[in-house]
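One chain comes next, on its own, written out as structure tokens in the form predicted on its own.
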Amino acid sequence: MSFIPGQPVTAVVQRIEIRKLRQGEHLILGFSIGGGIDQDPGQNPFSEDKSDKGIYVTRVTPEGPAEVAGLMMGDKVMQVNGWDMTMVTHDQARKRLTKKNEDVVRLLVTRKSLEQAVRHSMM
């Protein structure tokens, strides 16, 4: 998320709790991630200045656990169950999200604009 000095920051922080969906031996979250400190930030479609190596939500399954919880494509994942996600590799982020002994994932995400978050909350 980039900003211009002297201009207001137009991001909002959201707490999202996702209950994993159990399908046999698998626990489904219903979203995919991109990014990480080991990835090329120039390939990240959500990084405005193409230097952000954060973890972003790249896909949300319609009517899946993540969508039901309010997660949106483009959200930047800041924390997972209290663990800092701002300086992790893609694989570290994936492992933190898919722990088998956790039925609930609590995320702290930032959303690009307050306007977008307000619009989503009114749906």
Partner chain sequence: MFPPFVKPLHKKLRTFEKKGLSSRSPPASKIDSLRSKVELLRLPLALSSKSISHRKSQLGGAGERGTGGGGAHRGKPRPPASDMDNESQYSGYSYKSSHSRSSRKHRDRRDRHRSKSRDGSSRGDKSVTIQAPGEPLLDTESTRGDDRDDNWGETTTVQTGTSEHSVSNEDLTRVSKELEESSPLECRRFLGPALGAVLGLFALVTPLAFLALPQLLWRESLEPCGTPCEGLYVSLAFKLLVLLISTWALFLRPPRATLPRFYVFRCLLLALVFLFVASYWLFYGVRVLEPRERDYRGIVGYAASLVDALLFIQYLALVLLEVRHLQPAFCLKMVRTTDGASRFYNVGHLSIQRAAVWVLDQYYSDFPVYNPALLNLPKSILSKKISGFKVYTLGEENSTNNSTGQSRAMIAAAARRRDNSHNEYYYEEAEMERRVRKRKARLVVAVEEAFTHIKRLQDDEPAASSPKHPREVMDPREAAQAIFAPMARAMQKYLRTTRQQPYHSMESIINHLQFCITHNMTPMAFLERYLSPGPTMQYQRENGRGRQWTLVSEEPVTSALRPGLVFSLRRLDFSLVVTVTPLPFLHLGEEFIDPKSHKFVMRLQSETSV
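Everything quoted here is computed from the prediction, not taken from an experiment. Residue numbers count along the first chain shown, from 1.
Keep in mind that the form predicted in complex with its partner chain is missing from the display, and what follows is about it.
Trainee: Kindly confirm or deny that 54, 79 and 112 each have some heavy atom within 4.5 angstroms of its partner chain in the predicted bound form.
Mentor: The answer is no; none of 54, 79 and 112 reaches its partner chain.
Trainee: Answer with one of 49, 84, 40, 63: the residue that has a non-hydrogen atom within 4.5 Å of its partner chain in the predicted bound form.
Mentor: Of 49, 84, 40, 63, the residue with a heavy atom within 4.5 Å of its partner chain in the predicted bound form is 40.
Trainee: May I ask you to check whether residue 70 falls inside a 4.5 Å heavy atom distance of its partner chain in the predicted bound form?
Mentor: Taking the distances in the predicted bound form, the answer for residue 70 is no, it never comes within 4.5 Å of its partner chain.
Trainee: So, residue 29 and its partner chain: in the predicted bound form, are they within 4.5 Å at any heavy atom pair?
Mentor: Residue 29 belongs to the contact set for its partner chain.
Trainee: Tell me, yes or no, whether residue 92 is in contact with its partner chain in the predicted bound form, where a contact means a heavy atom of each within 4.5 Å.
Mentor: Although its partner chain is absent here, residue 92 would stay clear of it in the predicted bound form, with no heavy atoms inside 4.5 Å.
Trainee: Taking its partner chain as it sits in the predicted bound form, is residue 74 near enough to touch it, meaning that at least one heavy atom pair lies within 4.5 angstroms?
Mentor: No, residue 74 is distant from the partner.
Trainee: Using a 4.5 Å cut-off on heavy atoms, what residues in 98-112 are near its partner chain in the predicted bound form?
Mentor: Sequence-ordered list has one entry, 98.
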